[in-house]
Ligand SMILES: Cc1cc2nc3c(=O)[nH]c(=O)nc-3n(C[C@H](O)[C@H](O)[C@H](O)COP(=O)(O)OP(=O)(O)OC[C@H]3O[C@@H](n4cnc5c(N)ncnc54)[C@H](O)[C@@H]3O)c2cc1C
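The form predicted on its own is given below as one chain in structure tokens.
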């Protein structure tokens, strides 16, 4: 039986553990810096429903100072299941051109693998995450693979946006969502699901522990602080800290896989210095921590007079996606996808909690309609983008995070163009021009990528196409950190596909 240490309990760690346990004779010890958390707890769900939006605050670990161009505050969760506990479940695939950024645009680098290499693993990941989607939509190519569950139907609010998109000749389709299929009861409070219908690594790991017993050991509140090496090439295990007792510890294994997210993965390599790796493991060419990228987010909303159909928000997740601008012709200036819908300007829940009368609710419901659009775009790397170890430690016993980030002028210009497109769509949807408001957010830790990027040699990156750290025999990184570029689509499905692929390689 092969002993394996997995650092991190988010989607990459959970999917990888499932693959290894199902197909190999392995003993896995998984280390998580944060505490455990109960899945499917209706008391927690009720607290969220009645207005407590701070249920995840105890699990946030943020920098002491926020970076001007790249946010961390509140975007990452240190707990079993990681950031999948509050994610939206959006699972679009990257497109073929996303793996060829350098060849097509001159920016960044190409991936050392292509879309066709990853396509079968995308299909397996969609099954593991219980993704709903339109199996007949072949952009990007599905090669006959079917989603395990049909697409979520468009809502009445979606139809308001669809009418405007069609007027502008903008294409759209069904969003792919990790909903775990028919369990979803659409409570509209998807930041925490009372029936475990949205995929979370938290629930997946709970199921794995039932299925495989002591073959999977989850050590919570145990941040890994250092990777131990036997010479230059082989890891023998890790050092960690028991936060309950304050005592340090160590564990040996035949392989170590770092699934700790973009920031903590590169920081762990940087912190693991030795005589053979004086500036951090895998860092002989100074790529560990470099190339940080993420997703700039932007949005617009406006009010349309009258709502005779009494349209309200029906779901707690997006069911409409437009990838019209997520195509090769827009790649040279930053691809973008967006979603949108329409609903009440004030939610029914808020009105009920505020003791609003029934006649007032009816008047509010029929008087006006809020139409909103939101999107994410591909970020091009700026040369100074870098993550380094900060001074001191966080409350979870890990080094502080220092971020150095510049802004690519092309991204700023393209973002403004996309926001203006949103404004025109809202006008077409009937929104009063004086009601339209726009905004933008910097990239944050949820979609951060590229600090341990994949490459064919250590001259250009940190891990090889099989995610093994260059110059080592049995040390791997499996997180968004290995992405050479970010594309426009959300990264979670691509990360899950890479985890499935790594699991197959290791067994």
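All of these numbers come straight from a predicted model, not from anything done at the bench. Positions refer to the first chain, counted from 1.
Below: the form predicted in complex with the named molecule, not depicted.
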Inset, instruction - Find the only residue in 222, 339, 414, 272 having a heavy atom within 4.5 Å of the named molecule in the model of the complex. - result: 222
Inset, instruction - Would you kindly say which of 235, 84, 322, 385 lies with a heavy atom within 4.5 Å of the named molecule in the model of the complex? - result: 84
Legend entry - Heavy atom distance at most 4.5 Å to the named molecule in the model of the complex, all of 96, 103 and 450: no
Inset, instruction - Choose from 136-144, 69-77, 366-374, 247-255 the stretch whose residues reach within 4.5 Å of the named molecule in the model of the complex, heavy atoms counted. - result: 69-77
Legend entry - Any non-hydrogen atom of residue 88 within 4.5 angstroms of the named molecule in the model of the complex: yes
Inset, instruction - Flag residue 398 as yes or no: does it have a non-hydrogen atom within 4.5 angstroms of any non-hydrogen atom of the named molecule in the model of the complex? - result: yes
Inset, instruction - Give a yes or no for residue 19: in the model of the complex, does one of its heavy atoms lie within 4.5 Å of a heavy atom belonging to the named molecule? - result: no
Legend entry - Any non-hydrogen atom of residue 491 within 4.5 angstroms of the named molecule in the model of the complex: yes
Inset, instruction - Counting only non-hydrogen atoms and a 4.5 Å cut-off, give the residues of 280-300 close to the named molecule in the model of the complex. - result: none
